[in-house]
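Just the one chain here, the form predicted alone, laid out as structure tokens.
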């Protein structure tokens, strides 16, 4: 016998629970433009149209337990092509936020907790961070044309403050040089903060708004403390 999907009585569903969201899922046309644009469409049968409909029908409990919200890359290609301007990536982020924090997949929650406690997702001590970036800066200074290069740390009044991705002081330290070469060639006045330097906001990726605000607030605090008005957020 062919399996059948459960039948839901739409008159019994709560269509108002997402009224606080700045968009209306009920206007979805199921035109499939989102599904055609989605790079993850089809993985574990992921279909953005179905996700939007289930949210509109108030069936978020099943979606919160699904892998779908975590398969989505939140790249927002779906939103870009949606003729009804439904903010599907925001919808996914909200669904992520409804999951119990202990059941957040992978290392996302552990990384977020580390960042909240220490200022970066690696729990890297400040002295280790300083050693790594200065060591990479010394390597760059050995290259022709960059003999006078020095890493600018906590420079008060610099024109530009830049955060970095944690992998740049872990597995991809060479990538730091690409940014620094551009700054050096342009004569840019820039700096790295030695506290709360992390640019990867896993509060955003896990749907934790309060954590996201905390991490953004730390970046703003660095801008204020160092009297800087311009921010480069490579993440």
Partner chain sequence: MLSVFDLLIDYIKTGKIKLDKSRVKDKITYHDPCNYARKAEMRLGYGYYDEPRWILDQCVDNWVEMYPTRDHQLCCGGGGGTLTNGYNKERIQYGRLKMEQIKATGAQMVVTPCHGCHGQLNSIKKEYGMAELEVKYLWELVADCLVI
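Take the two forms, superpose them, and find the largest set of C-alpha atoms that agree within 1.5 Å; that set is the rigid core. Positions refer to the first chain, counted from 1. These numbers were taken from a predicted model, which means no experiment stands behind them.
What follows is about the form predicted in complex with its partner chain, which we do not show.
J.: Considering 195, 47, 209, 188, which brings a non-hydrogen atom within 4.5 Å of its partner chain in the predicted complex?
T.: It is 188 that has a heavy atom within 4.5 Å of the partner.
J.: Report the residue, out of 153, 76, 122, 84, that has at least one non-hydrogen atom within 4.5 angstroms of its partner chain in the predicted complex.
T.: Checking each option against its partner chain in the predicted complex, the one that comes within 4.5 Å is 76.
J.: Report yes if any heavy atom of residue 181 sits within 4.5 Å of a heavy atom of its partner chain in the predicted complex; otherwise report no.
T.: Taking the distances in the predicted complex, the answer for residue 181 is yes, it comes within 4.5 Å of its partner chain.
J.: Within 4.5 Å, heavy atoms only: does residue 97 come near its partner chain in the predicted complex?
T.: No, residue 97 is distant from the partner.
J.: Does any heavy atom of residue 157 come within 4.5 Å of a heavy atom of its partner chain in the predicted complex?
T.: No - in the predicted complex, heavy atoms of residue 157 and its partner chain never come within 4.5 Å of each other.
J.: Can you tell me whether residue 167 touches its partner chain? I mean in the predicted complex, with a 4.5 angstroms heavy atom cut-off.
T.: Within the cut-off, so yes.
J.: Hey, which residues along 30-64 are within 4.5 angstroms of its partner chain in the predicted complex, non-hydrogen atoms only?
T.: Counting only heavy atoms within 4.5 Å of its partner chain in the predicted complex, the contacting residues of 30-64 are 39, 40, 43.
J.: So, superposing on the core, is the move of residue 141 at the CA at least 2 angstroms between the shown form and the other one?
T.: Comparing the forms between the shown form and the other one, which are aligned on their rigid core, residue 141 does not shift its C-alpha by 2 Å or more.
J.: Align on the rigid core first; then say whether the Cα of residue 85 has moved by at least 2 Å between the shown form and the other one.
T.: Yes, the C-alpha position differs by at least 2 Å between the shown form and the other one.
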